[in-house]
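Just one chain follows, in the form predicted on its own, and it is written as structure tokens.
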Amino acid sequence: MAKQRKPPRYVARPETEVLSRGYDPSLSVGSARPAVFRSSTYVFSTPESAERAFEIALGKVHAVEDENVELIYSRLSHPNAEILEDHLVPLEVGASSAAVFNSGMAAISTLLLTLCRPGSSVVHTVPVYGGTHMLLYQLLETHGIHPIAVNAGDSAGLARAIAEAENLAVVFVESPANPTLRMTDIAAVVAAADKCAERPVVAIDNTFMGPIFQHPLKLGADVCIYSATKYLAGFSDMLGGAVVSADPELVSHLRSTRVMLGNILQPDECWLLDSRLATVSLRMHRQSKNAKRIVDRLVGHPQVSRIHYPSLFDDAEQKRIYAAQCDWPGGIFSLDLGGDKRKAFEFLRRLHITKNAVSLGGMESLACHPATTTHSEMTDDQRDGAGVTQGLVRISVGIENWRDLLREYTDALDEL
């Protein structure tokens, strides 16, 4: 089946484009919304079209603008993936193309495996999501790729590491950092990368804030990476990943690696995720407003030594970065209960509306203890250096009534 693309007469606003871009009902028996295409293989209209499709898929030639390249096999691409990728583009300011994967880690792995070779180095911020940390240090480092860790928000340290790294392939930034919410100056990272003789790719894990509250491509980053499992999907019922970029050539390389790894997002999940994109902004704004109202009222509670949340930054540089690159503070905050693991566990034990679970970005509120779950593969020294204390509890605020959540957190803290 040919790609379902109908060029618009003009570029509409994102909330319109996400519902209309790249989908032609006439190619789907008039269906107003995309159907699910579960085919594993596709019939060519002519032998010549098959030859052309393989030449393009293998990177021997490039498709011309608006060319309907016929599909080959669902491991390479399929209608639901192409529709979803078209709909992701308008959500990310500055993007021109996207590639979807069967998890956020699949997206990160594909990016790093595509861009790195033995002898390459990767400068990355810490703390970083536990799965990313494991990929860097338990897999890539054993294959001769050298990770270089720099504390999130340390602009001078990042600039130094970028300038001194040998064979630097990628600068990987998670901002805000998971779970401390510490922010990194994306524009400063881009400026440091621009000074390199061989410019590295600047990749931003934008899962916490994007695509609604932070726009890294607008700041000069090369790619945004998402665990689409989180805010993009929003219902805690599927896995997915995405890479979005202003560089179609880079995305094409990622798709080629995806073909070999076989980690494309499957048709049913693409269809499901696509149906959620139109409500991303609605959900994230509600979650951010809920979180802001809650943290403002938890400030000063005697059991809380610190609340990690962008609107509560007390560091002047963190305040500056937040003001420069974020529109809203988002729906995630972390409570530090005096570095006390016992108190953190007791707090979690007293929650009922909020579920004790990893992941984030769903409509329901979730809370976890990062030091023993998402970041448990880090050493004690690494966690201490990154601010992931034993008393830290990360909370992903859902769309429930914020007053009910505040009452739950206040009661749980009062009972400690």
Ligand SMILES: Cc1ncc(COP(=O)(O)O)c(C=O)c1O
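Position 1 is the first residue in the sequence shown; the rest follow in order. Here the structure is a predicted model, which means the values were calculated and not measured.
As for the form predicted in complex with the named molecule, it is not shown, yet the points below apply to it.
Novice: To verify the annotation, which of these, Thr110, Thr229, Thr184, Ser245, has a non-hydrogen atom within 4.5 Å of the named molecule in the model of the complex?
Specialist: None of the others qualify; the residue that does is Thr229.
Novice: Report the residue, out of Asn80, Ser334, Thr125, Asn178, that has at least one non-hydrogen atom within 4.5 angstroms of the named molecule in the model of the complex.
Specialist: The residue in contact is Asn178.
Novice: Within 4.5 Å, heavy atoms only: does Ser103 come near the named molecule in the model of the complex?
Specialist: Output for Ser103 is yes: heavy atoms within 4.5 Å of the named molecule.
Novice: I'd like to know if Thr207 sits close to the named molecule in the model of the complex, meaning any non-hydrogen atom pair within 4.5 angstroms.
Specialist: Yes, Thr207 is a contact residue.
Novice: Even though the named molecule is not shown here, does Asp274 get within 4.5 Å of it in the model of the complex, heavy atoms only?
Specialist: Judged by the heavy-atom cut-off of 4.5 Å, Asp274 is well away from the named molecule in the model of the complex.
Novice: Even though the partner isn't displayed, in the model of the complex is Glu174 close enough to the named molecule, meaning a heavy atom within 4.5 Å?
Specialist: Glu174: yes, in contact with the named molecule in the model of the complex.
Novice: Taking 4.5 angstroms as the heavy atom distance cut-off, pick the stretch from 276 to 284, 186 to 194, 142 to 150, 221 to 229 that is near the named molecule in the model of the complex.
Specialist: Result for this chain: 221 to 229.
Novice: Is every one of Tyr129, Gly240 and Leu360 in contact with the named molecule in the model of the complex, taking contact as a heavy atom within 4.5 Å?
Specialist: Yes.
Novice: Go through 27 to 53 residue by residue and record those having a heavy atom within 4.5 Å of the named molecule in the model of the complex; state none if no residue qualifies.
Specialist: Residues within 4.5 Å: none in this stretch.
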